[in-house]
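Here we start with a single chain on its own, the form predicted alone, put down as structure tokens.
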């Protein structure tokens, strides 16, 4: 687990307190019926419960998009920012409050389009946080425009004759950036796998990037439909240093043993979009982390107030 945050207690709690799913549930989700985000939210809440993360020591940060509403539905601290800026906000939070458990939730436009520059450099920084890319391969919130991950030829409101360009591959992109330390893929229609992958990402010391294939029942139902209906089109990456989900082995018989320490093989596997591969592609706990190389001694409350007042005085008339 990350640090000792799980041992922190809120006022009035005793050492026997145990968090349940109800402790992480907030407002009723407003996603469309059948949206994959519902299952992903449940998977996230199950991870919070399994790891017993205190809500007051946990933060969810998001940008703009359907996926970015997730912080509203988790009873923790949250920051719903502007489009494409979730990662710099999360970076600031983690650098100034390293004891917090930081999760970032983005959609394919939020991460791979307007936020792409932040995404690339956040990988280099390798700051200790969990980053979830909920990829439905379309701009769903603004009603069916082509996104960077939309398959070539797939029609949308902005390109009714089909997307002109080959889609960006988030796995290949992340694996191609220096200092990448954890890259995985899962799918909303395999909830047990979602849980195990996000849990492994949380336990990884560094920037843990998880792409979650997420169905949009309004605009991109057809994109994942074949893989949902035919488990033979899905290949599970299994390894003792990756994730193994026994309850899914009877469903997904197509399994490949892949050592996630092998970066070259991870890149080769990520380049092939068929079959749909789920699992941990790469993990390296020895990559340098920015918060360690740029260590800033923590300030006491008194020091923070003094520095804050000093800054206020600088701008006073």
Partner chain sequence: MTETPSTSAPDGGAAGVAPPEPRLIKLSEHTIEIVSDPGEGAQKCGQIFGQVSARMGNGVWTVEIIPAEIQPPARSPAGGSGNRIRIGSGPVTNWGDQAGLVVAFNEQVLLGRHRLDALSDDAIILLDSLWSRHDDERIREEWQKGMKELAGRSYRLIEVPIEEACLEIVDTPRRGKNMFVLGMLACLYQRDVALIMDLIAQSFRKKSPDVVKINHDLLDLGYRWANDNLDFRFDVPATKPEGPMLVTNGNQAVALGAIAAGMDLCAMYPITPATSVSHYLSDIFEEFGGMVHQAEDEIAAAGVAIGASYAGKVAFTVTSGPGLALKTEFLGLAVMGEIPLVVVDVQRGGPSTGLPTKVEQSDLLAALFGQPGDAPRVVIAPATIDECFHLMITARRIAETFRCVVIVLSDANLASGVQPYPRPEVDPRWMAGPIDQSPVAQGARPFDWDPDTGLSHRIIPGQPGGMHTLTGLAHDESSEIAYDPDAHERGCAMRSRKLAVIQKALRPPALHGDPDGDLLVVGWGSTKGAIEEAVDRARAEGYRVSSTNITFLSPLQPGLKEIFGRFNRVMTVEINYSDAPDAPYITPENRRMGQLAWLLRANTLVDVDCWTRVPGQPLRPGRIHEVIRNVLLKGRTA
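Positions refer to the first chain, counted from 1. The term rigid core refers to the most C-alpha atoms you can superpose between the two forms while keeping them within 1.5 Å. All values reported here derive from a predicted model rather than from experimental measurement.
One more form of this protein, predicted in complex with its partner chain, exists but is not displayed; see below.
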Query raised in the report: Within a 4.5 Å heavy atom cut-off, is residue 20 in contact with its partner chain in the model of the complex?
Result: no
Query - Partner proximity in the model of the complex: residue 39 to its partner chain, non-hydrogen atom cutoff 4.5 Å - result: no
Query raised in the report: Using 4.5 Å between non-hydrogen atoms, is residue 57 touching its partner chain in the model of the complex?
Result: yes
Query raised in the report: Is there a heavy atom of residue 25 no more than 4.5 Å from a heavy atom of its partner chain in the model of the complex?
Result: no
Report task. Select from the listed residues 126, 146, 91, 185 the one whose heavy atoms reach within 4.5 Å of its partner chain in the model of the complex. Result -> 91
Report task. Note which of 191, 167, 231, 78 lies within 4.5 Å of its partner chain in the model of the complex, where distance is taken over heavy atoms; exactly one does. Result -> 78
Query raised in the report: So which of 209-217, 68-76, 242-250, 156-164 is the stretch with heavy atoms within 4.5 Å of its partner chain in the model of the complex?
Result: 68-76
**Report entry** Residue shift check between the shown form and the other one, rigid core fit, residue 25 Cα at least 2 Å
**Finding:** no
